[in-house]
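Take a look at this single chain, the form predicted alone, given in C-alpha cells.
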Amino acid sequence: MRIIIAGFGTVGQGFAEVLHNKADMLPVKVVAAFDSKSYAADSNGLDPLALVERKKRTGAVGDHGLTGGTDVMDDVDYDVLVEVSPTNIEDGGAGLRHIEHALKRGKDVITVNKGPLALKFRELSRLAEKKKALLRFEGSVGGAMPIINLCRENLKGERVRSIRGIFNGTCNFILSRMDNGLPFEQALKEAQQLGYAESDPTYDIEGIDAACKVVILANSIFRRNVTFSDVSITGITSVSAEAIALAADRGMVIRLIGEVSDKTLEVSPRLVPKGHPLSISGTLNTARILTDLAGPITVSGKGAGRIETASAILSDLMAIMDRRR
C-alpha cells in the first residue's frame, strides 16, 4: 500500500517514526511527503526516518520546492492520503483541499485535521461514499483516546444517547493548576513553557479546539448535520480564582466539558464532583459515553503528542488495509 503524508510537522514526523518502527508488520511504503514549502517523492518508497532527520536538520522535508500539495498528489501514484497539515477553522485551509482532491480521485483518506471535518463533514462523507473511498479520522478527537471507532464499530447496535468529555488537555492542565492556587495567567504561562499550549493559545482557552471535536462527534456518531458555528462555546478565560475556590468548598472542580447528543452541542466550564470520571487532572482527555444497553462507558488517553496521535492514524491505516484486502 502506497502512502502520501500531507503535512510534516509534529504529527507527520511522529507517524513517519511509527511507520519505521512497525515496518515488519506494515506492507506499506511512503511514496511522497510534503510540508508547506517542500516535498520528497519516490515511487519505490522513501525512508520515513530519513525524512524525519532531514526535516529536523534543514526545516524542510524534501529537496523540491512546493507549488501546491495537490500537484504532488497528481504526480505520484498512491492509495492512501494521510492528511496531517495544520488545522484551519476559518475555511479548512490546505487540508480541506488535499482531502477533497484525494476523495474525488477515489483515494482513501486518513486525517487528524479538525478544520475540514468541523466545516465540511457531510460533504466530505458523501464524496467518499460516491467515490467508494474510505475516510477515517480517529485521531481528530482525543488523540490516542479511542472514541470514534469505539462508538461506530465496537458499540454497533447500541444507541449512544450522549457523550460528555474533556477534549482539550491544555485547558484541563490550566484548570488543574488553578485547583492548586495558581492564577489563570500563571497557569497558562506554565502550560506554554511545558509545550502544552501554543504561544497564541486562543484555540485552546476559548474552547474552539474542543468545539471542533464536539462537531466531529455529533456528525460521525449522532449523524447530525452541524458545523462549528452551531456550537454554543464558552472558554475558560472567565473562570476566576474565586470560582475555583467556591467549587472546592462544595467538593467540586471546574472543568471544560464538551457535550453532544441528538439535541445538545455545547462546550463550557462546568462544575464536576471530585472523584467523578470527568474530574481528572492534568493533560489527559476523557469521555463518558452513555449508551442504551451498556450504560455509561468511560475512556481516557493522551489527547495530543506525536506518537500518541500517530497511534490513532496507525489504527485507521490497518483498518483500511483490512477492508481493502
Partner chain sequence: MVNADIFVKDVPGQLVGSLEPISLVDGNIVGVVHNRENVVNGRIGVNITFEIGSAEDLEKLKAIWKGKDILISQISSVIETFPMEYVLIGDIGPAQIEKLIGNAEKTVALESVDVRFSSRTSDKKRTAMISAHVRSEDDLRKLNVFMISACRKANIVCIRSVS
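Numbering follows the first chain given and starts at 1. Worth saying up front: this structure is predicted, and the values here are computed from it rather than measured.
The same protein has a further form, the form predicted together with the partner chain, not shown here; the description that follows concerns it.
Among heavy atoms of A243, some come within 4.5 Å of the partner chain in the predicted complex.
The closest non-hydrogen atom of H276 lies within 4.5 Å of the partner chain in the predicted complex.
In the predicted complex, at least one heavy atom of R270 sits within 4.5 Å of a heavy atom of the partner chain. The partner chain is not drawn, but in the predicted complex it has no heavy atom within 4.5 Å of A94. Looking at 132-140, 212-220, 230-238, 195-203, the stretch with residues near the partner chain in the predicted complex, meaning non-hydrogen atoms within 4.5 angstroms, turns out to be 230-238. Taking I89, A187, C151, M252 one by one, only a single residue has any non-hydrogen atom within 4.5 Å of the partner chain in the predicted complex, and it is M252. A247 is the sole member of L182, L119, A247, A128 with a non-hydrogen atom lying within 4.5 angstroms of the partner chain in the predicted complex.
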